[in-house]
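Before any questions on how it binds or moves, here is one chain, the form predicted on its own, in structure tokens.
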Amino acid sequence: MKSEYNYGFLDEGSKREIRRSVLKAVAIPGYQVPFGSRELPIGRGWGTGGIQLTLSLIGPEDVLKVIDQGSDESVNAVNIKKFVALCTDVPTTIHTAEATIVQTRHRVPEVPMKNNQILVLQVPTPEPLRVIEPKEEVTKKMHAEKDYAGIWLQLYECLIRYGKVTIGAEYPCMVEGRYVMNPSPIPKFDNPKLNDAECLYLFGAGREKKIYAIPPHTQVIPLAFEDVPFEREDFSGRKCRLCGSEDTYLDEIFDAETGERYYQCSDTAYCKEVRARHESNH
């Protein structure tokens, strides 16, 4: 089937244009670079920005991993893997350490990534100022002037109403002290993984036609007031029912038949690896 498509599905001109946008994004961390989003055989809003990045960067020597909210086996993850394999023949894996490119939706893997790896994030809404300003030309001016008062006001209103910042995902971050960035809908549990990371983070929004990046060893700080520090989700006293992990992001699952609630690792591959180590030690 691969011979029926150009390698990586996209034509070479499209891939070059996307790679040029990636280079600019890497050169200006956190800055949203416009690009000509191409048509793919899936609807925009289903990860086309991330897929275009992956297809433009992937080569015969790469190994691909795709996850959706931590799972390697969701419909989204499985079908993206099938699509990329169809037009590249690259091997796929569920193990983060084996992959050279990891495409993800809503999660950063639990296993720390290295400097020879790229994490590609699917982004629905790249503009962190969109919640306070609907016009693109205005948000561009606000970024140019470093006018982020509206975001600070949003955080302050949360504190006044609820006593804490209630933003659970897409928590805004300051990149290298210059641009406020939307880290995609990852839980704020994952935000600290972006700071001073070894790998390259690339963010692709197909519908919004934007690419932005966090190069290795970049300062990425979640916005927080001096007297109200940033806090991640707290899973104290809880652990994964499958592998026993207590320091990972846990999904809460409700069993309708028994009425019980239990927790298990969002990162399914990490959970399997921990269980495999436990079994080998016994």
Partner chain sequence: MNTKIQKIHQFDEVFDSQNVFRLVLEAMANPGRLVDLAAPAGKMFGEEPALLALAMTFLDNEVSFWAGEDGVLSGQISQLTLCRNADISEADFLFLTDGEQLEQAVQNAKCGSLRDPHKSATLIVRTEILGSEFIALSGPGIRDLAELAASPDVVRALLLRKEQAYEYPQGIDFLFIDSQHRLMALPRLVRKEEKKWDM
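Small disclaimer: the values here were computed from a predicted structure and weren't measured. Numbering follows the first chain given and starts at 1.
Keep in mind that the form predicted together with its partner chain is missing from the display, and what follows is about it.
Can you tell me which of 172 to 180, 147 to 155, 124 to 132, 69 to 77 lies within 4.5 Å of its partner chain in the predicted bound form, counting heavy atoms only? Of the stretches listed, the one contacting the partner is 172 to 180.
With a cut-off of 4.5 Å between heavy atoms, is Lys141 one of the residues that contacts its partner chain in the predicted bound form? Judged by the heavy-atom cut-off of 4.5 Å, Lys141 is in contact with its partner chain in the predicted bound form.
Its partner chain contact in the predicted bound form: Glu12, any heavy atom under 4.5 Å: Looking in the predicted bound form, residue contacts with its partner chain include Glu12, since a heavy atom lies within 4.5 Å.
Hey, in the predicted bound form, is Leu200 touching its partner chain, heavy atoms inside 4.5 Å? Leu200 belongs to the contact set for its partner chain.
Using 4.5 Å between non-hydrogen atoms, is Leu242 touching its partner chain in the predicted bound form? Output for Leu242 is no: heavy atoms all beyond 4.5 Å of its partner chain.
Look at the candidate spot formed by Val108, Pro187 and Leu223 and say whether its partner chain comes within 4.5 Å of a heavy atom in all three of them in the predicted bound form. None of them does, since no heavy atom lies within 4.5 Å of the partner.
Taking heavy atoms and a 4.5 Å limit, what residues of 203 to 221 are near its partner chain in the predicted bound form? Contacting residues: Pro215, Pro216, His217, Thr218.
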